[in-house]
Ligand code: CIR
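This document opens with one chain alone, in C-alpha cells, the form predicted alone.
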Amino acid sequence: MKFTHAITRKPGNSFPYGITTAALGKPDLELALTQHNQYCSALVQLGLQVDVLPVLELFPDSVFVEDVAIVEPDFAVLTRPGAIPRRDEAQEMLPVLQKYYKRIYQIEGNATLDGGDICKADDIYYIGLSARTNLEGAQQLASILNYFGYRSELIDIRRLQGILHLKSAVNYLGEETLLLDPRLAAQWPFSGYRKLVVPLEEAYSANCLRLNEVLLVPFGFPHTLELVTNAGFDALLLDVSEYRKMDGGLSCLSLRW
C-alpha cells in the first residue's frame, strides 16, 4: 500500500504530565517539539500530505493520535481508549476525520480499544488484547473490518509484562516480514512470516514504521538497525527519545493511509 496522507498532533505544555509506565523521567518539551517536527518532515519527504493538528492541552497524551482511530482509504473507526483520561480524545478527532471520510464507525458501550493494539499485515488485522483493549472492543472492530473484507486475529498480550500495546512488540514491514520483540516471536498467528527478532535489550525498537519504500527506525538501537538493513530495508533513523519516556513510539505519532 502506498501511503499518501498522515495526521499528526503537536505535543502541548501538558505533555510531560501524561500517562506513562516507562520510568525514564519526564520528557523535555522543547526536544519533543523538535523531534515531532523532524518526524513530520520525514513523512513529507516520503511523499505524504501531513495534517498537523493543534495542541490539545486538556489531553497530555493526545500527541499519540494512532490510539484514537483506525484509518483505511475508504473508512475510519474511532476507538474508545482504554485509559479513562484519554477517553474523550476520539471525539476530538471526529471533525478531523469528517474532512476525509464519509464512512466513520465508532467503538461503543463498555468496549475499549487502542489503535496501538492494531497491527495490519496486508489483508489481516492482528488485534491485541491488552490492558487498554478488551475483548468487546476487539470484537466490535473485527466485525467492522469483516464487512470490508479484512480478516482478524486476536492475540492476548495481557500476561506479557512490559508490553503495553501489541504494536509495541510487533510491526509489519511488508514483503511478508514482521519485526518482533522476542517475547512475541513464537505466537502461532505469525508462523507464516519471515521474522526479524530484535534483541530483548532493544525491545523498544520493535516499533519501527514502514512508509512506502522506507523503514523509519528509532535512533539508538544499533543491533536492530543492522538487522533490518541486512534484511534489505532502506532505513531512516529518527530520534523519538522524549516520546519513549511517555510509552510512545514511531507508529503512535501519526494516522496514515
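Since we're looking at a predicted model, the values are computed, not measured. Residues carry their position along the shown sequence, with the first being 1.
Form predicted together with the ligand: not shown, discussed below.
S.K.: Can you tell me if I19 lies within 4.5 angstroms of the ligand in the predicted complex, counting non-hydrogen atoms only?
M.R.: Contact with the ligand, yes.
S.K.: Does the ligand get within 4.5 angstroms of any non-hydrogen atom of R132 in the predicted complex?
M.R.: Output for R132 is yes: heavy atoms within 4.5 Å of the ligand.
S.K.: Can you tell me whether V240 touches the ligand? I mean in the predicted complex, with a 4.5 angstroms heavy atom cut-off.
M.R.: Heavy-atom contact with the ligand at 4.5 Å: absent for V240.
S.K.: Would C252 sit within 4.5 Å of the ligand in the predicted complex, counting heavy atoms only?
M.R.: Yes, C252 is a contact residue.
S.K.: Tell me, please, which stretch of 22 to 30, 189 to 197, 65 to 73, 228 to 236 lies within 4.5 angstroms of the ligand in the predicted complex when heavy atoms are compared?
M.R.: Among the listed stretches, the partner-contacting one is 65 to 73.
S.K.: Heavy atom within 4.5 Å of the ligand in the predicted complex: which of V77, L145, I127, L164 fits that? Just give me the one.
M.R.: Exactly one residue meets the criterion: L164.
S.K.: Using a 4.5 Å cut-off on heavy atoms, what residues in 199 to 214 are near the ligand in the predicted complex?
M.R.: The stretch 199 to 214, when checked against the ligand in the predicted complex, contributes no residue at the 4.5 Å heavy-atom cut-off.
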